[in-house]
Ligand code: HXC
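In structure tokens, the next block holds one chain alone, the form predicted on its own.
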């Protein structure tokens, strides 16, 4: 064969590989409101930067007619690319061939790409769109999933891992996204579940469709599995690109610094009036966060789940910070099972990737009741203690209002290793709320008063006495548990200066016995 013929053959095979499962399958993909794997990659990466790997891999199965059913690339596109100028490994499953099902060689391509990401220290972006294990390849498909899960665990805490669910993701396939750091789901076209509607109906008689069982709204608001929900494929790609701007490429690097043009010494007078005079009145913690961070820089994670806690990323004087906050506007900002998990997961990610943790505190305590106790609030709450205690990145905390009991300790207190703690004059730091404390301390005096109205007046007097003597930031400041009491309007300026001083922090711990690893309360 001549050189010209060989080049012509290469062009033909290349064009064939680009079509995946064929033109009709591509049209069917578009009819579902979905982009193809290659269209998604093209949107995600910088133009001309995609270096594809294993384009001509194909399966080697022969049973069940598989010797006549194949496509170049075996239903997954993998390669190295640049995203906004920074390198990343991209994996995109191709639903146009056999529904993107995973077989031996399909999995081998994914594992190879993930190994490359770890060796080069670059993020992994995995665009999921697969019908699951390829039944025709039997146990080789299961082996492939196991290899991927293993690589997810090996990459954990080494490079950021982002999964986008852009179609079906069912059965064992769901565990790869679950092992990754962030999950983006697409409305109407994506779902995740262990067992599908048919199995659910056959097993327990429950009738449910795919979206009701595991759609984006379910995982965003109820299970907490989805960190972001996008309207369509294009918005999902935009979310991924924005998220990457906050993250370092690997655990040996610091997060990117971005010039935002927002002066670090900017005052925020509006913060002086955020906290209501009534200590039990709600307010919106987002106002505090936006007043402190660089303008427009806050990116919330898990916005719809456990809304009594707020987690996300922001910038302070251009530096990426991990934001954790109580939300007094929802369930009074209490800590419960879900919010504890949400906070602990976020803190551990940020610590793994060298991102300072900025905590805003207004927490009245833990959610009471049998549902929480029987559901394991003790175990789940302990995760927050563990995450903050183990974190070695700079930890800055602002006590905005309530900081009661064990919840005060958990929310980034000095006692768990916070480097810099400030409080607003509105802060109430105590073992419990003034009302409960007054009823315990002055119980006999209150019981001696028979008239209900007189008792209520006396209780109000005792509450104010307790609040003035104990529930204020100055007692904690006198012990060194609070480094400074500041005006709300100065919070941005003070935190920016503190972050500048602490950014090169190197953790110095007391002697710790040698150990393989600690045991996080699971």
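Since the structure is predicted, the reported quantities are computational estimates derived from the model, not experimental observations. Positions refer to the first chain, counted from 1.
Missing here is the form predicted in complex with the named molecule; even so, the following discussion is about that form.
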In the predicted bound form, the one of 131, 123, 312, 79 near the named molecule [non-hydrogen atom within 4.5 angstroms]: 131
Quick one: of 360, 408, 191, 388, which gets a non-hydrogen atom within 4.5 angstroms of the named molecule in the predicted bound form? 191
Given 143 to 151, 214 to 222, 375 to 383, 280 to 288, the stretch touching the named molecule in the predicted bound form at heavy atoms within 4.5 Å is 143 to 151
Is it the case in the predicted bound form that 99, 170 and 210 each bring at least one heavy atom within 4.5 Å of the named molecule? yes
Would you check, heavy atoms only and a 4.5 Å threshold, whether residue 228 touches the named molecule in the predicted bound form? no
Using the partner position in the predicted bound form, report whether residue 69 sits within 4.5 Å of the named molecule, counting heavy atoms only. yes
State yes or no: in the predicted bound form, is some non-hydrogen atom of residue 202 no more than 4.5 angstroms from a non-hydrogen atom of the named molecule? no
May I ask you to check whether residue 139 falls inside a 4.5 Å heavy atom distance of the named molecule in the predicted bound form? no
